[in-house]
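Coming up is one lone chain in structure tokens, specifically the form predicted alone.
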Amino acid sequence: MILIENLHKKFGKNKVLQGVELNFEAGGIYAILGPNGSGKSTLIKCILGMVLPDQGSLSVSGHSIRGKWVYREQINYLPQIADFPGNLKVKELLSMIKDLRGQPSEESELVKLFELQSYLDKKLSTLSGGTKQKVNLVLTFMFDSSLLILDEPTTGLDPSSLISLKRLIRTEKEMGKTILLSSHIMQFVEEIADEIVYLLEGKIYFKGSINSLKELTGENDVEHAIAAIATTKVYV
């Protein structure tokens, strides 16, 4: 699905990505983890075509994305901070995104799933952070795309909505879709991810299953296993 080879990117003298090699197969849930400044946001932006690498190649479904932007129509993206005009009503925002995307959408069931029916006529400026996040999740999942990129999707969610999100992600996986996500909530990562990619100082320090990560570090949970890698800075 996504093949990344020898990817390099620097901003000035700051080397953000250094020889990144990754392969994300279709039908998997991959958690991209790393501390602030590790390069994970730049990696995601390279996949989205928002940042051009200095060296290396990146292909989606066997096709190089360099200079070709049509592939982005098959990506659903949830940014960490989605800022829309506060004077828009929720239903107006949904309609606007549908018009801009120009693709069939299935938002009604998602509105029910996240219990947003009573908020459709409310302006975005009046919503709580958690409710805004649920609106953003509807916008992300309402189109049928083969690749989903979710940046901190659990932010502000109540327990019921978090359960709904996990079910939704698993359903998308069962449909053969590829999900890349970034999160600081290790319990969520441990419950939902098939594989973990850990970035540190622009390099891949680990890629593999959660069980293999635990075995290699000798830790019983993802949080301590990741901490072990970050502390020792040893490739595993």
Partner chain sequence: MFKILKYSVYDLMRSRWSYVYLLFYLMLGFVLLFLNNDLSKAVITLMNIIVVLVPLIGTIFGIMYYYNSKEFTDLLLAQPIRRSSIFLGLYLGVAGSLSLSLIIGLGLPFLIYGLFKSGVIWDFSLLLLIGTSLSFIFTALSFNIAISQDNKIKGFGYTVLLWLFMAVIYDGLFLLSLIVFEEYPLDRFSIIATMLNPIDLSRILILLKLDIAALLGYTGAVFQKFFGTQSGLIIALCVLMLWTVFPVWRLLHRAERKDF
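In this text, rigid core is short for the largest set of C-alphas that superpose within 1.5 Å between two forms. Residue numbers count along the first chain shown, from 1. All values reported here derive from a predicted model rather than from experimental measurement.
Not pictured, yet referred to below: the form predicted together with the partner chain.
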| note | TL;DR on 203-211, 43-51, 168-176, 30-38: the one with heavy atoms within 4.5 Å of the partner chain in the predicted complex is 43-51
| message | To verify the annotation, which of these, 152, 107, 144, 92, has a non-hydrogen atom within 4.5 Å of the partner chain in the predicted complex? | response | 92
| remark: Assert contact residue (the partner chain, in the predicted complex, non-hydrogen atom within 4.5 Å, options 118, 128, 80, 87) equals 87
| query | Wondering, does residue 99 line up within 4.5 Å of the partner chain in the predicted complex on heavy atoms? | reply | yes
| query | Is residue 72 one of the residues lying within 4.5 Å of the partner chain in the predicted complex, judged by heavy atom distances? | reply | yes
| Contact of residue 123 with the partner chain in the predicted complex (heavy atom, 4.5 Å) | yes
| message | Do any residues of 4-33 have a non-hydrogen atom within 4.5 angstroms of the partner chain in the predicted complex? If so, which ones, in sequence order? | response | 9, 11
| query | Does the C-alpha of residue 10 move 2 Å or more between this form and the one not shown once the rigid core is lined up? | reply | yes
